[in-house]
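Single chain ahead, by itself, as structure tokens, in the form predicted alone.
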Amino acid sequence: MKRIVATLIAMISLVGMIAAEPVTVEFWHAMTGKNGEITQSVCDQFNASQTDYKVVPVLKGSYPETLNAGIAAFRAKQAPAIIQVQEVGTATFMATKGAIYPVYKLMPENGQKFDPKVYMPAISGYYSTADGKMLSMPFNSSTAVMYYNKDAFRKAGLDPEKPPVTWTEFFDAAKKIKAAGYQGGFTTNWISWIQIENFNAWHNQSISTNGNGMNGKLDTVLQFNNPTTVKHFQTMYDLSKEGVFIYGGRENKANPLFQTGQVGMHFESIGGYGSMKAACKFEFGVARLPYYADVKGAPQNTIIGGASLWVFMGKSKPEYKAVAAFFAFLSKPEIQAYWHQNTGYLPITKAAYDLTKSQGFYKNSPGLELAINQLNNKTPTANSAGLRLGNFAQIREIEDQQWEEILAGKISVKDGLDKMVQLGNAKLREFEAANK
């Protein structure tokens, strides 16, 4: 009898140990460097905050690599619960039938309070349907800003506390920096996101029909090859021949040109702020994007970049409870403030912004608040509320390729922009045909 009792006690203890094991879910992401460290830290904080669930972050490479890995895993029925998807993949995921558990359903169906109104509209709207239903959880949201080397400004005889406001002032400053002995005056990352998409939104000009694709219709047509964009690209091309503009490569490959002091001004995501602080050995400032003063309505507001978190179907109820709890944790003001202050990415809730402001954080880091104010500069219009296109990643590749053809003198600026639109529209028609 004693042996039976001992066996039963051992079995009960074993069952208790098994029951105490947390429900584990994987979170596939593309965050590297400093931002990757903070991503790990946020997950660690969630795991330490309770004992029921465990989120395991898994780096899967670049944004495209992470997206491709997730799609392949879903088809093989081995997808993670959570995947980080760059904003260019939003339309693709929205069109995917039966693959995604929408956030607006996930949260209440798994016991978490959910009010879409607590999220910043300029951010949450990008990941919501036309009637306001949020499909994915905003994560690392950003917008484009101008970084400038204050030492370079001083050497060029410019006021380091008064960065250029208009493009005319900007190009003049870039020439003076070049003349002061720097390799070049300026460079830029993300030619498509910053110099086409944000450029047109900031000038309240249409990038495509159907409200830049935000209304969900599939017959969207690109139309950013307008006179203002042509003039802008022509000026950048002309300055490249003078060595005032230096091309550093696609995506964020131009960062080293600014971080090592080769150029004095640089366009990059505010999400790169943490990396800039870590890499730059000189004093730098953050400024709003310049604008052309003769364009009616400018400056308007910029649009977001970055990525959001999507939830795959096919998981168990306990796993979805874990995901919902994690998303609720991510949305807490103190967690968002921590994320915002350590990465430079925008806070996704107004409460996190208010908390950061009350802590006096912006006194020493005014650039981060400047980015928020730029994003919210004016009430968004159909031209500046966001951008949602099918086959978006391929369209950006086309734009990068044509820009490089322009710089190489293989095609004129006007013809190059026209070709970006022509080839991009072909990709939109492919997406339309595949999703009818």
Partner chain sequence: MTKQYEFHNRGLPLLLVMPQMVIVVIFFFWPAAQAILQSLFIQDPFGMSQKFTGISNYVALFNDKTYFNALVLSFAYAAVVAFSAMVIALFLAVQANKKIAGQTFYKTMLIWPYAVATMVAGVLWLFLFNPNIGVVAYYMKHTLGINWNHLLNSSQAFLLVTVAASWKQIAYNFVFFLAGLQSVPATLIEAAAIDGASPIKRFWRITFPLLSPTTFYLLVMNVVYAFFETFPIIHQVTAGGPGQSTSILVYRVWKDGAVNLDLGSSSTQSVVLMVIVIALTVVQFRFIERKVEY
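Keep in mind that this is a model prediction, so the values were computed, not measured. Numbering follows the first chain given and starts at 1.
The next section is about a form of this same protein that is not shown, the form predicted in complex with the partner chain.
Only one segment in the set 153 to 161, 119 to 127, 189 to 197, 260 to 268 has any non-hydrogen atom within 4.5 angstroms of the partner chain in the predicted complex, and it is 260 to 268. For the three residues 48, 344 and 374, a heavy atom within 4.5 Å of the partner chain turns up in the predicted complex in no case. This chain appears without its partner; in the predicted complex, the one residue of 397, 37, 26, 369 with a heavy atom within 4.5 Å of the partner chain is 397. Proximity to the partner chain in the predicted complex, defined as a heavy atom within 4.5 Å, singles out one entry of 350, 133, 250, 357, which is 250. In the predicted complex, no heavy atom of residue 378 sits within 4.5 Å of the partner chain.
Of the heavy atoms in residue 32, none are within 4.5 Å of the partner chain in the predicted complex.
In the predicted complex, at least one heavy atom of residue 74 sits within 4.5 Å of the partner chain. Though the partner is left out of this view, residue 339 does not reach within 4.5 Å of the partner chain in the predicted complex, counting heavy atoms only. Contacts between stretch 397 to 429 and the partner chain, counted in the predicted complex as any heavy atom lying within 4.5 Å, involve 397, 401, 404, 405, 407, 408, 410, listed in sequence order.
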